[in-house]
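Just one chain is shown here, as structure tokens, and it is the form predicted on its own.
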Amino acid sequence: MSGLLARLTSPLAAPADFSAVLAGGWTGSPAAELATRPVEIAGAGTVPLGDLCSVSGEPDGTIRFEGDFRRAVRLGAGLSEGMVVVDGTAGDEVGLGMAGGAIEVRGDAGARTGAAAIEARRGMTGGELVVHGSVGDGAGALMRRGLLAAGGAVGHHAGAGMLAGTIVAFGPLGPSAGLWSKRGSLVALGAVTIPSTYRYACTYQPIHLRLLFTRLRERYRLPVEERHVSGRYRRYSGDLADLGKGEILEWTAE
């Protein structure tokens, strides 16, 4: 991957809010300009990105973050364009309220990945957010559009209050998935406990998942197996305590 590179020069000593780094237009910004963008360090105030990372390369619509970003919160928040790669684990609220572009985390991600900000009424409104490892609780909360995929486990309350969009969990999907969902799809390739407010509808082969899995395998190298592509899925409709037009699709060997 060419483009821009932001490499941590030393471990983050405290949680650091990266939400302003890729806010608004950034894909045409040179490395020197990105290095001036603010990062808020808990208990220490605001510093420029260049004080934490060496920023290099030429703008081409892509950026790669290298280093231990477990204490980096809100990385890619509000993203609207470009391709962002985190080489390793990221902290909480990756892709918070993102609207476009793509984020690929090549490790785990924390809580509220792709969710809505605390004061916001909607989370992701577009784009692709792919995590190769596991994600924490509250992923995709209030999601309105877009794709969130995790190669590992997904924590509690994934897709809470979803309005639309798709969440794919290759590992187990934690309790209370899809509660208060109005629309949208949660695809469970591992273990899942169906909430009591969902009802079984049918078992079928969703053709649209074949296209989705092909993209996830070819672009992001996620562990898509033939059984995922050609298999059958139990469809559950819900949340019937709300509008009830959402769904959980549970892979089945039957």
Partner chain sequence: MNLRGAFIEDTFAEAFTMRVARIIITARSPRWAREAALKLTGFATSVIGCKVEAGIERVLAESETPDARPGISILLLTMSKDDMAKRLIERIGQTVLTCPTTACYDGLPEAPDRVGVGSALRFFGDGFQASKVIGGERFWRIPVMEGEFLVQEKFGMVKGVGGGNFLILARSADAALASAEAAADAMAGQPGIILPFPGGVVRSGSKVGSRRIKSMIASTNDAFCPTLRAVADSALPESVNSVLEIVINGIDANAITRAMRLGIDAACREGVVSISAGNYGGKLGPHHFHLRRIMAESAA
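Residue numbers count along the first chain shown, from 1. Quantities reported herein were computed from a predicted structural model and do not represent experimental measurements.
The same protein has a further form, the form predicted together with the partner chain, not shown here; the description that follows concerns it.
- Gly184 is the sole member of Gly155, Gly101, Gly184, Gly107 with a non-hydrogen atom within 4.5 Å of the partner chain in the model of the complex.
- In the model of the complex, the partner chain lies within 4.5 Å of some heavy atom of Arg235.
- For the chain shown alone, Asp92 is not a contact residue for the partner chain in the model of the complex, no non-hydrogen atom being within 4.5 angstroms.
- Mapping the unseen interface onto this chain, Gly165 counts among the residues with a heavy atom inside 4.5 Å of the partner chain in the model of the complex.
- The partner chain is not shown here, and in the model of the complex it never comes within 4.5 Å of any heavy atom of Arg221.
- The stretch in contact with the partner chain in the model of the complex, judged by heavy atoms within 4.5 Å, is 209-217, chosen from 28-36, 62-70, 209-217, 49-57.
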